[in-house]
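Okay, so here's just one chain, in structure tokens, the form predicted on its own.
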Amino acid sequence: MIFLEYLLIALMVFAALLAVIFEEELISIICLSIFSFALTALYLLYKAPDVALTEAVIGSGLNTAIFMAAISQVRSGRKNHVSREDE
């Protein structure tokens, strides 16, 4: 049980470091999603299923969707800005 706890914490630290290190936004979002999944498993390990469910829905699902939508909007804005400068 303690080994699994340390393994999940190490996975969380590793995912957080990767999210900061990578310059590509999509890979960073995936790393943050992995972080959130590990945190969900840790909450389940601590026998807090309601908190784990909330973390899974909000941390893994909603935050990932919001970040991806924001990056999509920023990238499309850059394309429009570049195409206006070309005119």
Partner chain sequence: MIYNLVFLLLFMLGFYTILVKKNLIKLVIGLNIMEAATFFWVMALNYREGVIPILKTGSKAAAVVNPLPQALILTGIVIGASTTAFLLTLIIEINKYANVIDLDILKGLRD
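The model shown is predicted, which means the values in this text are computed figures rather than measured ones. Residue numbers count along the first chain shown, from 1.
The protein also exists as the form predicted in complex with the partner chain; that form is not presented, and the subsequent description refers to it.
- The partner chain in the predicted bound form is not approached by A41, whose heavy atoms all lie more than 4.5 angstroms from it.
- Although the partner is absent from this view, F3 stays clear of the partner chain in the predicted bound form, with no non-hydrogen atom inside 4.5 angstroms.
- Though the partner is left out of this view, I34 does not reach within 4.5 Å of the partner chain in the predicted bound form, counting heavy atoms only.
- Along 47-61, residues K47, A48, P49, D50, V51, T54, E55, I58 each place a heavy atom within 4.5 Å of the partner chain in the predicted bound form.
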